[in-house]
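Okay, so here's just one chain, in structure tokens, the form predicted on its own.
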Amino acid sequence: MTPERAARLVSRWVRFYTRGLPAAVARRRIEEIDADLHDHIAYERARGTADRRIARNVLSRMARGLAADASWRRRARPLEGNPMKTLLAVLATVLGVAAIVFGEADDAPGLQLLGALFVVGAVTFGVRASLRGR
């Protein structure tokens, strides 16, 4: 594999993980990585490094940088809303449904009522959070 081919593979990866971002942000990241790849290849060739080794180094850098790319993506476009609110709503719903099911099996109307309150509370909490923009 040639260094240029490895660089094209890295460029495809960058275009993949920047899709869906604002055009200016994605373009800046793509240009930043392309320039870095160009400099890397030019530097290694100036040192007399074999093309196969340069390609391996480029692909190695890509593999080692995958986690950093994902982290950069999260910083560039953070998740909307508060995931803790969603988790609490789901947990309350699960607890409520479980209380209704177990209350019905034991013929315990109090437990069924508690379960229904959990479910209604979770739905209310979810609707309220979505109306407030989370």
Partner chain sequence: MPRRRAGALLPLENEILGVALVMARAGQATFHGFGLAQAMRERSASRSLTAHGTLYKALGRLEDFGLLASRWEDAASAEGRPRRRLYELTARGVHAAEQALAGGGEAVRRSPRTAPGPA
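Only a predicted model underlies this, so the values are computations on that prediction, with no experimental measurement involved. Residue numbers count along the first chain shown, from 1.
Missing here is the form predicted together with the partner chain; even so, the following discussion is about that form.
S.K.: Can you tell me whether residue 45 touches the partner chain? I mean in the model of the complex, with a 4.5 angstroms heavy atom cut-off.
M.R.: It does not: once the partner chain is placed as it appears in the model of the complex, residue 45 has no heavy atom within 4.5 Å of it.
S.K.: Taking the shortest heavy atom distance, is residue 103 within 4.5 Å of the partner chain in the model of the complex?
M.R.: Residue-level check for residue 103: no, no contact with the partner chain.
S.K.: Would you please decide whether residue 119 lies within 4.5 angstroms of the partner chain in the model of the complex, comparing each non-hydrogen atom pair?
M.R.: Residue-level check for residue 119: no, no contact with the partner chain.
S.K.: Taking 4.5 angstroms as the cut-off for heavy atoms, does residue 77 touch the partner chain in the model of the complex?
M.R.: No.
S.K.: Could you spot which one of 55, 88, 33, 95 gets a heavy atom to within 4.5 Å of the partner chain in the model of the complex?
M.R.: Flagged contact: 33.
S.K.: Sequence order please: the residues of 15-31 with a heavy atom within 4.5 Å of the partner chain in the model of the complex.
M.R.: 28, 29, 31, in sequence order.
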